[in-house]
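Take a look at this one chain, the form predicted alone, written out in structure tokens.
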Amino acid sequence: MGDGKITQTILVVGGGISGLTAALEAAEAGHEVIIVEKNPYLGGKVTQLYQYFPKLCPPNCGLEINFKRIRSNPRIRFFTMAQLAGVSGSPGDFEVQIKISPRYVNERCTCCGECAKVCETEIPNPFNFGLDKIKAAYLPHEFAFPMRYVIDPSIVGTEEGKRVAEACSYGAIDLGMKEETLTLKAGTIIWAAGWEPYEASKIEYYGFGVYPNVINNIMMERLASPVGPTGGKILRPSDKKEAKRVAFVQCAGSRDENHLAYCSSICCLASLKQANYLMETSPEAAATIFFIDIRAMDRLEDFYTMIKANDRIRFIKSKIAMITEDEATHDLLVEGENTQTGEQVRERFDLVVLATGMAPNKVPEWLLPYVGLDEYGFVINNGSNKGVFGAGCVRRPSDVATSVQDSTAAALKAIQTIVRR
């Protein structure tokens, strides 16, 4: 338990764009900040995007600016491969436990890649959602921060692991690393744990996880990326053939009481952006967007208008009822009803992209006494929070710009909690 003294340190759980923003705003206002991130790198889901909408620019420029701000700010400490494991105390006087998983690589790493050269074991690439494989000694991605390799536990304690360690001439590989738990003080906590795409395998009639050529929208981001698993080509997972007929199925599980009852608000725009990816990669490709209604409000209406003007992109108002696979070709048969004409839809596609909604990462039960949730599991910042504030997509489905704004507000709330005590 705490000792009753007011602690000025702010703990930020989550190192995505929301957590980075909140941490930087608080640190640049004069507070000590600790970031806890479960991945081996900072940046969160934004690092996995190919482009932002509506400007269609890459995210790495903005992330690099934030990483530079972190490097130059001595008030910020961060732990990767770490999770918040427990909280006790009260606002201004929290005691927190942070569980850190072993990376098996220390700060001496120069990213020379010699460990990967002698490593033979391959694992599904988590950064690319398993669309390809990487060595068990790997750099998480090209722009990783911190720029440091990771050793997968599968080779620790093996002869291969020893060879990998011996290949490092800098003494950066330490296979004796163990999980550790730190106990630290914090005055307030910003919960910026981010989101996950809704588990599309629960929508059984769409065949996600059964048919290899049914993917979700975040996987499409990796297919389109020049540093992704296919070098930026939109290829079918089943046979690596170019996907020329692609269907985008909107509200995959969203606005459905059996799955996600709410609208995630950005899925329409994400599919518009991804249809544009397809147009840019192949002059022969065509996209069909099956939608309930297109939600592109205010300044984003122009983006919708621009995409809709492309004659290779069709829009069909339909809630798709079923997707099945041709076992011989792995083509996908999409069935539904055109609700504008009353006609039945039954079309064949090379690839189907499900616009799955954004589900907030869950607040652990032991943290619930300090923070409120709405009926969908999103954090409520309504004045009744007891020193814990949500930021970004744990509060509502949001695009990057909105998440940045919300995280700045969360940082201000956290600071006010401390200075008022």
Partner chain sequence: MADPKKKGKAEGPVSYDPSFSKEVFEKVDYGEKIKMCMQCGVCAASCPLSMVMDYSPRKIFALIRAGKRSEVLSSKAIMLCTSCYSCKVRCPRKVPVVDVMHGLANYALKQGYVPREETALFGREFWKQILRLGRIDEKDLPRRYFFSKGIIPGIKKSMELADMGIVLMLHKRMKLLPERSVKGIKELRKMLEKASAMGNGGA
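Numbering follows the first chain given and starts at 1. Here the structure is a predicted model, which means the values were calculated and not measured.
Below, we refer to the form predicted together with the partner chain, which is not included among the displayed structures.
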> From the list Arg77, Arg255, Lys308, Arg348, which entry has a heavy atom within 4.5 Å of the partner chain in the model of the complex?
Replying inline: Arg255
> Ok, Ala85, Val118, Met322, Met81: which has a heavy atom sitting within 4.5 Å of the partner chain in the model of the complex?
Replying inline: Met322
> Pick from 280-288, 124-132, 97-105, 257-265: which stretch has a heavy atom within 4.5 Å of the partner chain in the model of the complex?
Replying inline: 257-265
>> Since only the chain is shown here, I'm wondering whether Gln250 would be in contact with the partner chain in the model of the complex (any heavy atom pair within 4.5 Å).
In response: no
> With a 4.5 Å heavy atom cut-off, would you call Ser318 a contact of the partner chain in the model of the complex?
Replying inline: yes
> Looking at the partner-bound form in the model of the complex, is Pro229 within 4.5 Å of the partner chain by any heavy atom?
Replying inline: no
> Is there a heavy atom of Thr183 no more than 4.5 Å from a heavy atom of the partner chain in the model of the complex?
Replying inline: no
> Considering only 350-364, what residues come within 4.5 Å of the partner chain in the model of the complex, judged by heavy atoms?
Replying inline: none
